[in-house]
Structures are given as C-alpha cells and as structure tokens.
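The chain below stands alone and is given as structure tokens, in the form predicted alone.
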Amino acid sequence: MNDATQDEGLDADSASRPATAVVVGGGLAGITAALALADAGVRVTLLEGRPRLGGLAFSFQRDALTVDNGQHVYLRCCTAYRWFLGRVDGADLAPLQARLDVPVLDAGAKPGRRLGRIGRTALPVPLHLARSLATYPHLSLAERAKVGRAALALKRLDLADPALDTQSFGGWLAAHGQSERAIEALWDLVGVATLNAVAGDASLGLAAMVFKTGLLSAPGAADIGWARVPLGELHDRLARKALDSAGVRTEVRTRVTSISRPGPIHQDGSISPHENGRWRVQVPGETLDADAVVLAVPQREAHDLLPEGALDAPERLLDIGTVPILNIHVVYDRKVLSRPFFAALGSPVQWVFDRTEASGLKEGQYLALSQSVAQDEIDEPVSALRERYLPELERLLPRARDAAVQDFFVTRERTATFAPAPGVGRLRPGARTEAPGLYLAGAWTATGWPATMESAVRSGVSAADAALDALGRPRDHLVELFEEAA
C-alpha cells in the first residue's frame, strides 16, 4: 500500500478493487468532478436532489417556450468552462464572438450619442482596447484618459497579494481618479455582470482578477460566448449523455441526508473506533459506500452535511453572504431588437438578450433582462416590475412602443451567487478538508474567481484532482486543463 493510500486511510483491500466516489450535487461543479473522476477509472455515483442537472444554470418549459432561469455568458479566458463544453460535446452550441463587441445604450443621453461600443482590435494588450476607449461616447475625454491610467495601474496589481481581498474596489477606483460616471458607465457595466456587486461592495482582489484576466491578459480574453440553445440542453441533456458514456451512475430526485466515515466493520458487526473506514453517504432507502466523497452543493448545504472536524471553522461557510439575481422575460408580437444583446446606462435595465431562437418561439421576439445586484427588487410583485421595466424598454428600443406584449414573467434566484465583499477570500475553503477522502466543490470555494460558471467548473476539477492524487489514480487528463487555466 503506497503512502497516499495510507494517508487516506483506505481499507487493506482497496488496491484490489476499483476506487469508488460519490459526488453530491449535480451542478456544473459536481458534473465536472464526476467526469474527471470517471475519466481516471473511478466508479462514480452522482446524486442530485432536483429532477435535473445543471444547478442554477438550467431551463424549464413555459407553454411552448423553453426558458433559461437566467442569462449566462462566458469569456474566451474561461478555459475551464470551455473544456466542459468540449467534454459534453456542446462547444458548437455556445460559440464565442469572433471579437469582443458590446453595444451600450444610454437611455439618458442625447439621441446622437445614445449608442456606444466596448470592443477590441487585434493589437497587443493594452492597445487592443485603445480605439474603443478613445471613441466611447459615454465618457468625457478627461474621464477616458483617467480610465486608461487606472487600467494600467490595475494591470500592475499582484493577484497573489492577500491584502487586495481586504480592500474595496470602489475605494481603489476613487483613489485612482475614477468619477462616479466612469464607474457607472464602464467599471460597473462589466463588474456588476461578472461579480454581482457594484464596485463599492466588491473585493478589490476579485475585481482585479476579473479585469486583469478578462480585459488585460490577452487581446481576445474578453470575447463573449453564450448558449444558442437552452442551457438545459448543455448542462442537463448533454451532460447526462457524457456522464452515462463515462460510466457514471446518475441519480436525480435523490437528496443526501448524511455523510459519515465509520471505522471498518468486523465479522462480529463491531466497528473500530479509528478513522480507517470508507465513507458512507445516506440517501432515503440506500446507503452508499465510497473511498472519496465530493460535496458539490451550496455553502449552507455543505455546512449542514459536513461531518464534525471536516473543517477547522465550519461556521465560516455561513459567513459567506449571498446576492440575488432577477431575470425579467418579455415576449413581444414583433421584432423590437436587431442585436443579439446590449447593455444599458441611465436606466434600471442592465443587460438585454434576444432569446427568441433558443426558446423555440416561432413568431415575435423574446427578450431576457438580466438584473444583477437585485436586492431591492427580488421580492417585488410582477405587476410592479412590469410597470417599471416595460416603459424602460420602450425608451431604449423605440420599436417596442408599437409592439404588443404577449407575455411578461420573472424568474428569481434569491441566492444566485456568493457576495464578493471585501474579506470573502479568507472564508472560501479549498478543495481538501481535514477529513481524508472528503472534498469540496462549488463556485463559492477558493478558485480565485467570482461566482461564475468558470469558477464552478474549476472547483470540480480541483476536487477531482485532489481525490485522484490521494487515491493514487492517474491525473494526466487534467494536466492540460490546469495548464490552460493557469
């Protein structure tokens, strides 16, 4: 028996039988962990309490429409999520822009200055953004110059410096000459969508990571990709197909009630007091034994399932705050938007996406509004939201004024992401726990990224990598991904 096996406390006959693992949670983190483990020859069971996979990036039916619970995008720099798409044979269904191009409409500007664009050229960093910044109409010439200087200062920050996590991004921007208008029209335009927080409420460490990686690492890093099909096609149907092909046993509608690690059971039925047994995962009507368990559920659920001693300070998981996202769905009787998406300024509207084709709508147009930092609106009645947002869409989209609204509904994710507040970094645990053989995954773990699909996939890879290392199983298939994601 090698040292890794002894460290994990596996029973003596573990070398003669296939390694087994249970993954609790069928979101992107859990799916990724299950695939990575199965690809290394581990027998994996994936348990999900809901009737489908995909976590918070899922689809549902509303009459003839297939609706995503919320709009999700990714960037070219999201190498882990791109790996996931390739692994489930879904890359062609969620293509990237050829080149970053974000139309930005200002509802409060003069008619001739309403439309601006954030884009890039093929020039090297940071010149790739120079033309876009120089012609961005929503900022004055002086504000644009100060944005350029702040971007260069941001690029010089060391993301490994733990002090960044204790500082506010908004405070840093103010100290670097950024006006309220510059923060609203540029920094928050990107930051709210990626961090789910305004600059004043965001950790400098996480914000710097987003801007350095997305906008200042490579010319094409921020090119945007999004699903041209319902998210359920990628994260449920294709994911299940990939899991089945990998030999993973997938059980939905199966909620885990406890996770424990007893000692080995002797012939007389007694259990040794030491921690040399396999893990036991209890679900209604069944007990599953495994060499490794990956707990890939939200932080509060993880806290409730963690066995005693698994984390030094498990209460820290409860200190990780959450932030809601509100999604507003509007179906018009005709086409009112000619672009695939746009961002808005001077309006409560944030980002608007055309989901007509993906939803299966045959006539008219279906728009989805993604509203981050939605604490003040998440519980408002649909009628109040309709009165607020339909006139705003008419201000932004003149053709909407003559269109009939055929459907208006909302989807609410009250705990959509973890709050990226200053100091959150010290609360986010890594993949390994103090209990050998038990690992954590989820966008809220210490991936270095905010709560994105990229963070979720990275966490699943990290948990699988740690488990395979301890089990002494091959990890070569993960090396290329880690090199790309570095």
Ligand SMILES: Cc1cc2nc3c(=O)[nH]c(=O)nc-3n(C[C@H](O)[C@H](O)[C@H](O)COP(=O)(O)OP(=O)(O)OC[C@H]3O[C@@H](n4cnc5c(N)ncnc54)[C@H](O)[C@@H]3O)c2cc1C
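One rule holds for the numbers: they count along the sequence shown, beginning at 1. This is a predicted model, so every value here is computed, not measured.
The following text describes the form predicted in complex with the ligand, which does not appear among the structures shown.
Trainee: Among Leu35, Arg87 and Val248, does every residue place a heavy atom within 4.5 Å of the ligand in the predicted complex?
Mentor: Result no, not one residue of the spot touches the ligand.
Trainee: At the 4.5 Å heavy atom threshold, is Thr433 in contact with the ligand in the predicted complex?
Mentor: Result no; Thr433 lies far from the ligand in the predicted complex.
Trainee: Residue-level contact is defined here as any heavy atom of the residue lying within 4.5 Å of the ligand in the predicted complex; does Leu47 satisfy this criterion?
Mentor: Yes, Leu47 is a contact residue.
Trainee: Should Gly26 be counted as a contact of the ligand in the predicted complex, where contact means heavy atoms within 4.5 Å?
Mentor: Output for Gly26 is yes: heavy atoms within 4.5 Å of the ligand.
Trainee: Residue-level contact is defined here as any heavy atom of the residue lying within 4.5 Å of the ligand in the predicted complex; does His72 satisfy this criterion?
Mentor: Heavy-atom contact with the ligand at 4.5 Å: present for His72.
Trainee: In the predicted complex, which of the listed residues (Ala222, Met209, Ile325, Ala227) lies with a heavy atom within 4.5 Å of the ligand?
Mentor: Flagged contact: Ile325.
Trainee: Would you kindly say which of Pro298, Gly364, Gly177, Pro126 lies with a heavy atom within 4.5 Å of the ligand in the predicted complex?
Mentor: Partner contact (heavy atom, 4.5 Å) among the options: Pro298.
Trainee: Quick one: find which of 439-447, 421-429, 59-67, 37-45 has residues within 4.5 Å of the ligand in the predicted complex by heavy atom distance.
Mentor: Single hit among the candidates: 439-447.
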